[in-house]
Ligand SMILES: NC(=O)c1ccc[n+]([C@@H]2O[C@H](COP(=O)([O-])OP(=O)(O)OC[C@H]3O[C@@H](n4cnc5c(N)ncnc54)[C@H](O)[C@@H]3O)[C@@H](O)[C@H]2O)c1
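Here's a solo chain for you in structure tokens, the form predicted on its own.
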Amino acid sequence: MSALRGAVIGCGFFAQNHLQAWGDIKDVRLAAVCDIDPAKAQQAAELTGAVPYTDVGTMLDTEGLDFVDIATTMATHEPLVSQAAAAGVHVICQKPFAPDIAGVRRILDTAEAAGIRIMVHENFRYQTPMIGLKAAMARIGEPFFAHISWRTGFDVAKRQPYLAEVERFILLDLGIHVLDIARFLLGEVADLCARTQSTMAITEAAAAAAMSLRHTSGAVSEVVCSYTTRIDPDPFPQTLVEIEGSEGSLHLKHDYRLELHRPGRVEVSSVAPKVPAWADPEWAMVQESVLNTQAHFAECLISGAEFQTSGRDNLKTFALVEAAYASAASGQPVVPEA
């Protein structure tokens, strides 16, 4: 079978990881790159050997693509998916999928009406530590509680300054990842309570959140996230997790140390990422997760298997974000409505 022909739309800061990861994936050829900024498109072309474009329509008409990787800001996702759908081209789209759940539903309706497949680049569950943690859960019996923490003082707006102007900041930009981890580990959510705090000097938007989730299995999880936690060593960009089960507990600690606690003994292992040749060791976990996410997309396109983070699956995670904002506003538990 010939290689899948793909293109990256949006060649900004985080998209550099997407661009380089495609070069490591078997059966994929990155044929084109597109950015409204000609300089960024040209730089991406020089990095990858792909043809540069500044207009998505021209690229879609010219390149005979199998898929596009949309790595732009969320406000542009809906029109870009519409263009891809009209061209019959499959999509992997950066999260957040859309600014609100109504936009997510419109995107899904457009994709399904056109018969194209769509996956969300929700990469936390593709991190090696999360994959290892999920596998280890088979050893602790029935899980009934988890504490999932993503707390840092890292200045995320320094490299992505547009985030300082995002009204729905902590939950839609970051919390969506951590809520997806809760679903990945413990399953669907019956209801949740949330509290948010505005703790960042450069924005009035909430920069910290604490949430309590009741899962349909009966398990309970606590999900906390913050961009204004002063801690040394700062765990950025790691998610720290504790899971309690009927036969033991798991503790995913700083620097990828995974502890399995069972009566009378503790087993320690490493779930550290493998560093891609092009990666920065400081960002290796994130960059490897991008590679893992895109490899999964390509494998499923070829095999016909369901995407783990399909558009419909991600709608359930997005519903948790909407429920969290509603709960923070009302002070009451909210049932997510996907």
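Don't overthink the numbering: it's just position in the shown sequence, from 1. From a predicted model like this one, the values you see are computed outputs, not experimental measurements.
This next part talks about the form predicted in complex with the ligand, which is not shown.
Enquirer: Work out which of 196, 226, 94, 239 lies within 4.5 Å of the ligand in the model of the complex, going by heavy atoms.
Expert: Residue within 4.5 Å of the partner: 94.
Enquirer: Of 217, 110, 76, 203, which one comes within 4.5 Å of the ligand in the model of the complex, counting heavy atoms only?
Expert: By the 4.5 Å criterion, the partner-contacting residue is 76.
Enquirer: When the contact criterion is heavy atoms within 4.5 Å, does residue 37 count as touching the ligand in the model of the complex?
Expert: Residue 37: yes, in contact with the ligand in the model of the complex.
Enquirer: Quick check on residue 23: any heavy atom within 4.5 Å of the ligand in the model of the complex?
Expert: Answer no; every heavy atom of residue 23 is more than 4.5 Å from the ligand in the model of the complex.
Enquirer: Is the gap between residue 173 and the ligand in the model of the complex 4.5 Å or less for some heavy atom pair?
Expert: Looking in the model of the complex, residue contacts with the ligand include residue 173, since a heavy atom lies within 4.5 Å.
Enquirer: Using 4.5 Å between non-hydrogen atoms, is residue 323 touching the ligand in the model of the complex?
Expert: Residue 323: no contact with the ligand in the model of the complex.
Enquirer: Spot the stretch among 262 to 270, 110 to 118, 183 to 191, 94 to 102 with residues whose non-hydrogen atoms come within 4.5 Å of the ligand in the model of the complex.
Expert: Heavy atoms within 4.5 Å of the ligand in the model of the complex occur in 94 to 102.
Enquirer: For a quick check, can you give me the residues of 9 to 32 that have a heavy atom within 4.5 Å of the ligand in the model of the complex?
Expert: 9, 10, 11, 12, 13, 14, 15, in sequence order.
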